[in-house]
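A single chain comes next, written as structure tokens; it is the form predicted on its own.
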């Protein structure tokens, strides 16, 4: 069988691509191979970090320094992510939704996409079905705390500003590049290839003039989505007019679209500079110079995109082992599951316990390999002290798997009852939605 997918990180024990995640995930190796920075290096700079950051569940980042700086300086910035409505939203999607909500509360303008074009092109789903399921995703993130102010939600198929930008971006990508990144074959449809440009447009559109122009944007994702981020960061540079290079005492500026733009830029500079045929050396504060040049580029009709930042969270273990996936209903808890049915799923989950209660009391359990402890860490227990106590009692053999499953099933049932009541009260009319 011909399988599409990039060779981003593949050996006998680990597979991580945009379409497939399997084996034993080595996050240190992912950091190294993908060129992602450890989030632990920056967490002390983040104002009041969320629990996913504190607990190492968000393990990596690209250029999150820009977001932290914007938070601290009260400059405009945004958070953007999206969801492909191929099935009902589940606890895996909730993780990303919680990240979007936290970033909105931290001061970012939230952009939430429903990837209906991707669902239609890749999964063959009807437009009617993706529209119906897509609205459940929007209601879900609203019920989880996303506020109508400083927020826009949209369906890809209805957002002309995304589709128009995707067309612009597609002119900068060729077949060979897509094949190298995604492993596309001669059997890949044109629609599926074009969706990669739509995804890039999803990520970059918060910097369009209609959304107040260039700004730092963070995209919370799992590591399997990093190929999309790397492609988009490259495209952000390719479609923008000016390129920047730090030099001693200033910035070297080049034009990707012809040197006539450099001559026009010189007329707008309020800094000391030296003009050369192929570049301009501008002297002064790097940030102030770049900000002025980006503003000038937008006035010239350019994009002046800032490469998007990103955070990377760990994959949620499915209740039956492996990654939690919409294609495996037994592996996940849907946010719309009957609460009692969901509680029964938890009681059947794979844990990090030993073969017998006696053995576990003697040697202790392994919370790091337990799907139930993950539910505690990611979704169910917000107090770090309480989580640490459960972890220690498990490792010491004082708390058995049955006790953890009983507590987790109760908390899941309570959460779903409360969540589903909130969903019923959500009025999407309060939000700006393009659908």
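Every value quoted in this text rests on a predicted model; they were computed, and no experiment measured them. Positions refer to the first chain, counted from 1.
Beyond the structure shown, there is the form predicted in complex with a small molecule, which is absent from this document and is the topic of what follows.
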Checklist line | Contact test in the predicted bound form: residue 225 vs the small molecule, heavy atoms, 4.5 Å | finding: yes
Next item on the list: Mark residue 82 yes when one of its heavy atoms lies within 4.5 Å of a heavy atom of the small molecule in the predicted bound form, and no otherwise.
Entry: yes
Next item on the list: Answer with yes or no whether residue 141 is in contact with the small molecule in the predicted bound form, where contact means some heavy atom within 4.5 Å.
Entry: no
Next item on the list: Classify residue 221 as contacting or not contacting the small molecule in the predicted bound form by the rule of any non-hydrogen atom within 4.5 angstroms, answering yes or no.
Entry: yes
Item checked: One residue of 282, 333, 78, 203 in contact with the small molecule, assessed in the predicted bound form (non-hydrogen atom, 4.5 angstroms) -> 203
Next item on the list: Tell me, out of 146, 115, 253, 319, which residue has a non-hydrogen atom within 4.5 angstroms of the small molecule in the predicted bound form.
Entry: 115
Next item on the list: Quick one: find which of 67-75, 309-317, 194-202, 236-244 has residues within 4.5 Å of the small molecule in the predicted bound form by heavy atom distance.
Entry: 194-202
